[in-house]
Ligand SMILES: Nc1nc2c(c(=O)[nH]1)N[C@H]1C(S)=C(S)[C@@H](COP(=O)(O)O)O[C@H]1N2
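The chain below stands alone and is given in structure tokens; this is the form predicted alone.
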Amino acid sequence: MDARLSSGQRARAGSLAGAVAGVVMTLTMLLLAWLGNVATPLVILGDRLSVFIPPGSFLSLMGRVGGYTHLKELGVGSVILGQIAVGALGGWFYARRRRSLPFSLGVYFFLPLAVSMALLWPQLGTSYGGFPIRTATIITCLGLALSFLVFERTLVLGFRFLTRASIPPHGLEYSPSIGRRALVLGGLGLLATGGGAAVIRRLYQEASFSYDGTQYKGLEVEGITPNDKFYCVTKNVIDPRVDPALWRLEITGLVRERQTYDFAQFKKLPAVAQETTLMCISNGLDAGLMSNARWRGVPLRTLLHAAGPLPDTAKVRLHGVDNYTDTFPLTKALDPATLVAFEMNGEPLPNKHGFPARVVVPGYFGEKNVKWLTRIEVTGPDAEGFYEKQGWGPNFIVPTRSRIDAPNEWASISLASQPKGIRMKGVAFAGDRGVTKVEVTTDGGRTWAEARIDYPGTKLTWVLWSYDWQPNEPGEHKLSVRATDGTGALQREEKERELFSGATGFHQVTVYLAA
């Protein structure tokens, strides 16, 4: 390095070298994610931090940025920009200190690796390719190590390139042209940025943005939801694409004998088929985050009996390969209707619905139905899952719900065009209690009439209902619906229900009838 450089010149050179190193490190992480399905801080940092955001604040933030998709985009973009900014700051610090190999490796490799592993430890078992949790943890740590080593080497070599002295042909030393070298190094940084942008575009095409939040409602609703229209909610920016040759299902925790199955062994276990409806906990009274399918899978109790839960166990905690976790009582896990499913409507599970295996837990909200399942952990009563830690619940049992799909809210209908009456239709669902009756009101709740059940389903599914309304006069009409579950309990608004345990009440639409 040329000793005649000013401290300001060294600082600027260090900041530029650090920023370029941050870009190259980010490109390395993107390539690891694209080519190797390796989890990186670009996505798992958001998973780590989100559990500390209460549901109210989380929903408020999501609303301010324009929805869950934009929140994910903002999160990943913030991490990328943050890495580059921290890289520039690290380069500035490097320029002001005595520079040696032990110093650079200690500060820019070992320290960030140790801090990242400590901070991200609960998320290090994430594997978008389907490796078991222990193996995935090792792979993620190796990915972190490679990324930080790339940063350290790029910073050191870039700073040396910017600040080394130049020797002209006549042997006379002169001050280096930092501006020219900065242009070269900056150009290399821009090339790396362009490469990163290309990888980002490719990953964006594979991301969950195009289908996350898919709803199923309206006149097209059928008794069995087609796989490509089944509602979808995911925490992931990019969902796993599991290689079944890598995948393992482990039964661990408070058991007498741990069990591990590969995919071929798992599919040889005795399987059953059942129809079950799933609904998201954040599904509004008028929303379509609810669908019904025929599932085929292994009863969870078969797997638990083989492992032998120890006395005094209370819950199971389910782990997905994307490091999503959730819990429910052991008694529910031993229910014959709780399945580890591998087929959906006669086909292998689609990737976005949990291939190769997911849990189906009748009567509980969708977040309990863990996708891309890789571990079943038998635990004590204090275990919590991803959204439980965030503050959702504590009641995750589906309340009785019903919805009007037709006519639409604020519909304007000519009575002359409907001589045979106006067809009302919709769905009703009561978890694993079944629906025995659906009633509608067309006068704001003064009187109720029983609707026709067109698709009765089973006690684990929704029903589809319809009603031929013969209005007597034009004007504004308020329509609503209610259901009675299999225990005889009438749908109601549960004012005592916790705020983040799912909405209750009655769906109402207002229509205008013209003579």
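A residue's number is simply how far along the shown sequence it sits, counting from 1. Computed from a predicted model, the values in this text were never measured in an experiment.
Same protein, other form: the form predicted together with the named molecule, not shown, and the subject of what follows.
A.B. asks: Going by heavy atoms within 4.5 Å, which of 353-361, 87-95, 153-161, 258-266 lines up against the named molecule in the predicted complex?
C.D. replies: Every other range fails; the passing one is 353-361.
A.B. asks: Pick from Asn369, Thr338, Thr126, Asn292: which residue has any heavy atom within 4.5 angstroms of the named molecule in the predicted complex?
C.D. replies: Residue within 4.5 Å of the partner: Asn369.
A.B. asks: From the list Ile139, Ile200, Val398, Val233, which entry has a heavy atom within 4.5 Å of the named molecule in the predicted complex?
C.D. replies: None of the others qualify; the residue that does is Val233.
A.B. asks: Even though the partner isn't displayed, in the predicted complex is Phe148 close enough to the named molecule, meaning a heavy atom within 4.5 Å?
C.D. replies: Residue-level check for Phe148: no, no contact with the named molecule.
A.B. asks: Heavy atoms within 4.5 Å of the named molecule in the predicted complex: does Gly320 have any?
C.D. replies: Within the cut-off, so yes.
A.B. asks: When the contact criterion is heavy atoms within 4.5 Å, does Cys280 count as touching the named molecule in the predicted complex?
C.D. replies: Yes, Cys280 lies within 4.5 Å of the named molecule in the predicted complex.
A.B. asks: Determine whether any heavy atom of Tyr387 comes within 4.5 Å of a heavy atom of the named molecule in the predicted complex, and answer yes or no.
C.D. replies: Taking the distances in the predicted complex, the answer for Tyr387 is yes, it comes within 4.5 Å of the named molecule.
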